[in-house]
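The data below hold one chain only, encoded as structure tokens and taken in the form predicted on its own.
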């Protein structure tokens, strides 16, 4: 009995310590924006739908306003909801909100590269990488040539489907993979190449797992859950494997490097590394080069691939939109010549459809997490250094004042009364400010050209009637993951 009593006392004492620790953190941040009352240990987990956190944020914003606080475990998160407050943070106060919060599953990339870097090297890494990307055609004709050249390989593999049903996931993915691969490595991979398929599967699985409820919890309280079984272990393994592949390619480039004749972006980063080493500058080293390349390869592949796949599903759901696209493509380009970015000015409907796909699917709905690198007053609230902030893109892209019936897919959201393309400042598919996607220009070009090229040569055929097609994401978290589906591509020359 004495042993039982001692054990019970220890248990009570342990629970009491946890309780005190949690509440110390809560009361130490009493100047934070308002929010739902957090429970000890679990915080506001029961106030959030972990299968659709952006929807929960929208609900909480109605009650607590555009700036509010939620807790996942004992970690406080400040959410910015709505165009005005997101714009103020990302554009008006872009330096203050430029920090990147830790994402535990990406610890292999942490404090290196571009996306997950919050170290002092981040600004120089991003600045130099953007310069090199522009030199290698970011938004310029050389990238257009890359895309059009790769489109011939894409068309070849699409024709081989022979009008039979197929899952487009790992077919469409090969095209954007090879475009960014050429920029990075001055090379391409055959779609059937094991390395190509392996990378596509790794990236696809990672994007899905990152968006599941378990990883939403893990990325906020990972230190407590690290050694438990779960999908975070798969993510760690996948991210490490993809990084190792890039590391091997970088080392191959290093062995063959000609300091006076760079062939690709990787060569340029390695040359800059040698300059930094010579000048004893804390900038590029081999790890930073590797992670920068790995960031670009992942982001440049998976986001565009998923958007293309989701876009075709929406066209299957709305065949009247596909029909209008065919009409504009036939009128402006025809069936013989390749499209060009110069055609964009004469193709307002196609431009509007691409924008509406990006708006509607809302690929990264909550945005990547930012962090306050300094104490700051914001809209009357105190945001202490280290606070994680989510400037939610959903709240901007689904704004009902700017986009009537925002939950409805409608290219008219980007067309004026005369059928001309209508720009919207609420379109923030690539975020904004200091952390805006470095590949925005390339992604826009790829989506416009690849979409036209596919529809120039094929009619889309669904296996079910349009009204039975469900375009709802299968999970929403880090990203909005489209459902798995099959379609048929019918050559237009035979129609």
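Please read these numbers as outputs of a predicted model, since none were measured by experiment. Residue numbers count along the first chain shown, from 1.
Another form exists, predicted in complex with ligand HEM; not displayed. Remarks below refer to it.
> Given ligand HEM in the model of the complex, answer whether the residues 358, 368 and 393 all have a heavy atom inside 4.5 Å of it.
Verified in the model of the complex; spot residues all in contact, yes.
> Name the single residue among 246, 115, 78, 200 that comes within 4.5 Å of ligand HEM in the model of the complex, judging by heavy atoms.
Looking at the other structure, the residue within range turns out to be 115.
> Among the candidate residues 431, 462, 69, 44, which is the single one with a non-hydrogen atom no more than 4.5 Å from ligand HEM in the model of the complex?
So the residue touching ligand HEM in the model of the complex, by this definition, is 431.
> Name the stretch, out of 463-471, 31-39, 434-442, 48-56, where some heavy atom lies within 4.5 Å of ligand HEM in the model of the complex.
Only one stretch qualifies here: 434-442.
> Answer yes if any heavy atom of residue 262 is within 4.5 Å of a heavy atom of ligand HEM in the model of the complex; otherwise answer no.
Taking the distances in the model of the complex, the answer for residue 262 is no, it never comes within 4.5 Å of ligand HEM.
> Should residue 299 be classed as touching ligand HEM in the model of the complex when contacts are defined as heavy atoms within 4.5 Å?
Residue 299: yes, in contact with ligand HEM in the model of the complex.
> Looking at the partner-bound form in the model of the complex, is residue 100 within 4.5 Å of ligand HEM by any heavy atom?
Answer yes; at least one heavy atom of residue 100 falls within 4.5 Å of ligand HEM in the model of the complex.
> Is the gap between residue 126 and ligand HEM in the model of the complex 4.5 Å or less for some heavy atom pair?
Yes, residue 126 sits close enough to ligand HEM in the model of the complex that at least one of its heavy atoms falls within 4.5 Å.
> Using a 4.5 Å heavy atom cutoff, which residues in 169-208 contact ligand HEM in the model of the complex? It's fine if the answer is none.
The one in contact is 180.
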